[in-house]
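Below sits a lone chain in structure tokens, taken as the form predicted on its own.
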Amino acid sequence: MIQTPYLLFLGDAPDQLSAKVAQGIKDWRPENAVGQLRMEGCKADVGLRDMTLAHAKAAGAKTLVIGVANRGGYISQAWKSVLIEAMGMGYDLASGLHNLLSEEEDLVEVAAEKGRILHDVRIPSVEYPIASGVKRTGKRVLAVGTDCSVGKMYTALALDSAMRARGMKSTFRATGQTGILITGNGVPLDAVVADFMAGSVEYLTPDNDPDHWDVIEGQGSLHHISYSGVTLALIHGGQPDALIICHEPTRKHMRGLPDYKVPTIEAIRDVSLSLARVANSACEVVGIAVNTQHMSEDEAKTYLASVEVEMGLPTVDPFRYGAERLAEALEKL
């Protein structure tokens, strides 16, 4: 188990989106974070108190969590001195990066010397099967997006909360490092060998009560050249009964791909539903989740209303206004 509370390390994150791991923990498990640690030049801020290693340790922090998800998922050399100093002060380290803590010889050496633990949450802990495609009992809903980092995890967490509040049977199923750090379990999908990705999603969402919903955290986007593979594995392995389309309307281009425009909600709806019905012919799109964080109150409400009229589906910002209408749509299935 990763010891809490955490000190969230933002390093030298170049923008707010790069700190999405830290932001997710702060928003969904604020009781687990005493503060944030930022290096010179950091352009992200998750709204926690800026603290030094010493101040956070005195406040009870036990684990330094790398809260940055940089492109490629690597441990910067500039971070090493902070990570090593932290272990010398009694911190364990936790990371969801592709570049594993346990593969860095200097970190492993210091951890052994100081008796500290290195937690790599992106290491699969199970030998997952190849997907069988066998239909499972219970129901499943998957968040799919027009791009990466548009709010698929937030939508799933908000939806799970709203469903529980309505008395529905619901379980959030984490598929990425932030979700795993928030909930304590899940499948690190983008670290699973490609042939076994869909099978890992089947493993994550097993047979359940007929009225139980697995709320599956989405990853990537079918239109994203870099990360479309994980999305397809979720769609086929999850065999969703329902899809929720997630969108961020202020994007100028796909995340990390300046030459690629963000697809329309209609385009994602059509391609996602077509592929979902390969595994579950009864799958339906039940709602739209819009990330309006960069819009004013009036802009957000106007945009949500216009999309709802255009798409003919309940359209909400689940983090800003709640996910009750999405839960209601699922309750009707």
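If you're wondering where the values come from, they're calculated on a predicted model, not measured in any experiment. Quick note: we count residues from 1 along the sequence shown, nothing fancier. Take the two forms, superpose them, and find the largest set of C-alpha atoms that agree within 1.5 Å; that set is the rigid core.
Form predicted in complex with a further copy of the same chain: not shown, discussed below.
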Are all three of A131, E202 and H223 close to a further copy of the same chain in the predicted complex, meaning a heavy atom of each within 4.5 Å?
yes
Given that the partner is absent here, state which listed stretch (59-67, 32-40, 270-278, 297-305) has heavy atoms within 4.5 Å of a further copy of the same chain in the predicted complex.
270-278
D190, E104, D241, D92: which sits within 4.5 Å of a further copy of the same chain in the predicted complex by any heavy atom?
D190
With the partner omitted here, the residue among L232, V108, A78, I117 that in the predicted complex has a heavy atom within 4.5 Å of a further copy of the same chain is L232
Taking the shortest heavy atom distance, is Y260 within 4.5 Å of a further copy of the same chain in the predicted complex?
yes
How about I245 - does it come within 4.5 Å of a further copy of the same chain in the predicted complex, if we only consider non-hydrogen atoms?
no
Do S228 and a further copy of the same chain come within 4.5 Å of each other in the predicted complex, heavy atoms counted?
yes
Can you tell me whether M197 touches a further copy of the same chain? I mean in the predicted complex, with a 4.5 angstroms heavy atom cut-off.
yes
Is the C-alpha displacement of H98 equal to or greater than 2 Å between this form and the one not shown once the rigid core has been superposed?
yes
